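Below you will find one chain, with nothing else, as structure tokens; this is the form predicted on its own, and questions on how it binds or moves follow later.
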């Protein structure tokens, strides 16, 4: 995108950049509201209770206090935005209907604090958000109108796409999001791999793919956090993240609606690819809100090579 002479990318804030994408005002407002919520989430991460909340989420997983607080912060912001009809998070038991009408409104699915168990050892965590037009959250991921994540690391950064490229903003000392990278693109192949899951539970094809990566000198870069690992692959523009089907866990670990669809949308917008081993992630029609699927995501040629090994096996 071209900006007027004398304006550096560091002077371009998030709202201005969104308006330059020629999207509707409601979507601009919604993304800015989520970005504002991120400011309160990072404060909670830095100062909040690191213990358990004494409750469980829909999946029977023990909730941390930070999970519950982050979810409450984002949900409240979405409810009061005035442009949302349905809201669902990984920490909620059911869809929250904010408004019955759908015209001009959006549905939002989000993971409020992905990797929250890493906070007590001071590793990076993040918020992941998927946005659809109307009230239906069970659409294929390709119908997303926007996706974004906020990474809470040494710096706080927000990466978003509305289908017109992928752009990164960093929070400055005034807690304003300013543009740092525009139109992020991925190389055809890379030399980084982030493999999730226990390797002794990999199927033969995935194990062979890992040995192929090792033989070509790819560097292992896995933090245990989905947001920082995808952020590294995406911003470095090279590499692959995977959490494959495992022996005993054929659907993998990560959830299609809250984690994989938004990340697949961002990576595809940057020229990469995302697959469950059989088809693109963005073409999978969700069968339920809690659906998990395997994932291979990153540079297009690396993903294609992974599929070769998996399908041959």
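Everything quoted here is computed from the prediction, not taken from an experiment. Residue numbers count along the first chain shown, from 1.
Here the subject shifts to the form predicted together with ligand F6P, a form of this protein not shown in this document.
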Interface membership of residue 196, ligand F6P in the model of the complex, 4.5 Å heavy atom rule: yes
Give a yes/no on whether residue 134 approaches ligand F6P to within 4.5 Å in the model of the complex, heavy atoms considered. no
Residue 222, heavy atom within 4.5 angstroms of ligand F6P in the model of the complex: yes
Is residue 29 a contact residue for ligand F6P in the model of the complex, using a 4.5 Å heavy atom cut-off? no
Taking 4.5 angstroms as the heavy atom distance cut-off, pick the stretch from 169-177, 96-104, 211-219, 111-119 that is near ligand F6P in the model of the complex. 111-119
If we test each of 254, 45, 273, 37 for a heavy atom within 4.5 Å of ligand F6P in the model of the complex, the one that passes is 254
Considering only 25-46, what residues come within 4.5 Å of ligand F6P in the model of the complex, judged by heavy atoms? none
